[in-house]
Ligand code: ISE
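Take a look at this one chain, the form predicted on its own, written out in structure tokens.
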């Protein structure tokens, strides 16, 4: 990676993979996409062609081993994330892995241990809300001490609709994993217990999750609430609120302007996540590339990915038992 431009290989040519590839090619300074992999040949070829003739692969190992690939962006199916990230670490190549880092704590710990053995951070996790301006400004205000000690964290995560219904376990590890990370990152402390409640779509589909809420207790005693709606029918929203000793911070509900017309006041609601976090994905990619060019590591780490999964697994146990569950405590390695 001595050259000024970082050559990136993208694993996964679906919706999120193609978005990342386009951002890296068209909106990120100092980066280019030289290889694309997907098990669907047509998808890999289409994204590769859109990246000015990048090479197309049907095997992730071949892409990682490509000597022209300096770094890898992993946007494949969740269950493949851990193995592909480990392959990158073994090859000594930095990886930006979409969330979740893995589907089990055991696999996430394998990645952390691989980085410890390598003696450096190589994996970054795609918790792009850290790059969202609304989240960032709230974080900065909170940690300036403007509302004193934090007493409660609350997030609301609303989806327009699901094309397929997800069981509560998948909702936690695939959607609420973002909110779990935000709850840790924004508050700056770990979670000690979690209690999961949810409502299914109907009695015949008892394990499906239309609405869910995770109630948290932090190690300091502060409280938390993560609310999820999988099928609102009206649009996409993500908001955060922190209550402190001397005030409260809120992100705005909608980025759109208000419209006053014909005796009514209205605001447009973002249709879905690609529009709501479009700039955050661009800023995430640029920050990752900038760090690689400086030969540094930045952003959410493999440790963050592992800790979010530890909370997620406790939340799943709570869903199974109907009782609050403790979140395991693990010592944080000095590498992180």
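Remember, it's a predicted structure, so these values are computed and weren't measured experimentally. Positions refer to the first chain, counted from 1.
Keep in mind the form predicted in complex with the ligand is missing from the figure; the text below concerns it.
When the ligand is considered in the predicted complex, only one residue from 139, 218, 236, 131 comes within 4.5 Å through any heavy atom, namely 236. Checked against the ligand in the predicted complex, the residues 225, 174, 232, 104 give one hit for a heavy atom within 4.5 Å, which is 174. Taken together, the three residues 154, 195 and 243 all stay farther than 4.5 Å from the ligand in the predicted complex, as judged by their closest heavy atom. Among residues of the shown chain, residue 110 is not one whose heavy atoms approach the ligand to within 4.5 Å in the predicted complex. In the predicted complex, at least one heavy atom of residue 178 sits within 4.5 Å of the ligand.
Among residues of the shown chain, residue 201 is not one whose heavy atoms approach the ligand to within 4.5 Å in the predicted complex. When the ligand is considered in the predicted complex, residue 76 lies well away from it, no heavy atom lying within 4.5 Å. Partner proximity in the predicted complex, defined as non-hydrogen atoms within 4.5 angstroms of the ligand, places exactly one of 122-130, 208-216, 183-191, 143-151 at the interface: 122-130. Although the ligand is not shown here, in the predicted complex the stretch 259-284 places heavy atoms of 273, 281 within 4.5 Å of it, in sequence order.
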